[in-house]
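So this first bit is one chain, no partners, the form predicted on its own, shown in structure tokens.
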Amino acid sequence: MGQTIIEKIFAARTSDPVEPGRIIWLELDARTARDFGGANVVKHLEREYADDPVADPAKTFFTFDCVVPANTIPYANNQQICRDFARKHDVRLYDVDMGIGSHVVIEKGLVVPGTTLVGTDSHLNILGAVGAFGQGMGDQDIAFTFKTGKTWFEVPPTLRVTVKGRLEPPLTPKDLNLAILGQIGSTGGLGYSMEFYGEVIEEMGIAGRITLASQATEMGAVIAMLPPNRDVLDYCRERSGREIEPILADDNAEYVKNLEIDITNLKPMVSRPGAPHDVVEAGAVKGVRVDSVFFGSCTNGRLEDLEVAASILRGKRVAPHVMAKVVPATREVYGDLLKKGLLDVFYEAGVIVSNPGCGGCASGQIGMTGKGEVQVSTSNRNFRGKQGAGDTYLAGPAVAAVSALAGEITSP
């Protein structure tokens, strides 16, 4: 029997038999800790492995993205604990100016198709966007990977998803993402590695693939794997400086299930407050008054996402009662906004643009809501309290932008 993508990646990095349900020892190409949880990783390392805490500094990284810059003394202390440890052990640290870690490791070529990385970020499975394996784990587990360069993992079964149809403007990859989430629910991918196929997947650039892969967690999946297309391979080759061969599933690979999603008549979608999988067409909640709009997060913080928003906002202003905010995913994205004149577009539209990072997905950062506040957000989670005490509707950048202009939820 042939192998799926994740089975092939695992087989190349373990001597154990790779079959669904088996627990293997997995060699890691990289391991990371972010500012959230990073200090605890350091404490575990210094307590358990004080003499030799890092197996391979060249494959070990810190990324700061949750609370950047630190807005409380405890967070500042935790970040400095990581800085001190990194300097002492010659570990690379991407500080508070660099942006979301899962994006940074792609931009810097630290992960490419077929590689493996784990860290303290629950959305590190976003790396499936480039055909790599990523996974979030607890601080004790990550401390172990710093010390040993490996981790144990149960090989998941694979669910194959075929998407029929294409995305035409004003639809965005987030609408596809929400449509799938609405169809399969929060447990439809539970315990699976999901593989995505179809013309729309093949045509997607890295930004769209990141959007799709980023909500595998909300589907209950281990990871969403997207077979790399030529653009992805060229991008990763340029960023990493090495030749890359894609890891593709065998024709006779075994799937636990085959699922078909037809988006032929797809409309712009939103997720109602409290549950990411409570998905309806944007038109179904048209007219709900909006107090704030957030553009950003690991799901929709790339240049392409913000270009969609800017194209709608250009020459206009958001409704007087709406506070709109943009948080680019990375410093590189922020620089592109500057070079392309999009900061001017947002400024003239009455939008606040902040430094790169996770934004409202992290407590105390731009994009949080107060009690009674209604927000439209391009992020990936809207559980009660996740982005504050208010009510958050999830949407793509097009829905978010037209809603900001109208002052109420609107379909583009």
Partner chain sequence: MNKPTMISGRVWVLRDSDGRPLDDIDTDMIYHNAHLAITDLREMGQYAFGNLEGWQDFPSRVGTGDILIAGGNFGSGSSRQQAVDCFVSLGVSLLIAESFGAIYRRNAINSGFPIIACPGILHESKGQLVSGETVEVDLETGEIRKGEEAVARARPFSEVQMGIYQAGDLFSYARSHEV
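In this text, all values refer to a predicted model and were calculated from it rather than measured experimentally. Positions refer to the first chain, counted from 1.
What follows is about the form predicted in complex with the partner chain, which we do not show.
T217 is the sole member of T116, T217, T158, Q79 with a non-hydrogen atom within 4.5 Å of the partner chain in the predicted bound form. Only one of S240, S186, S311, T162 comes within 4.5 Å of the partner chain in the predicted bound form through a heavy atom, and that residue is S186. Stretch-level contact check against the partner chain in the predicted bound form with heavy atoms at 4.5 Å: of 171-179, 142-150, 242-250, 329-337, the positive one is 142-150. Shown here without its partner, the chain carries N40, Y75 and M137, all of which come within 4.5 Å of the partner chain in the predicted bound form through at least one heavy atom. Although the partner is absent here, S122 lies within 4.5 Å of the partner chain in the predicted bound form, judged by heavy atoms. Shown alone here, D90 lies farther than 4.5 Å from the partner chain in the predicted bound form, counting heavy atoms only. In the predicted bound form, at least one heavy atom of L190 sits within 4.5 Å of a heavy atom of the partner chain. Under a 4.5 angstroms non-hydrogen atom cutoff, the partner chain in the predicted bound form lacks Y347 among its neighbouring residues. In sequence order, I23, W25 are the residues of 9-33 having a heavy atom within 4.5 Å of the partner chain in the predicted bound form; the partner itself is omitted from this view.
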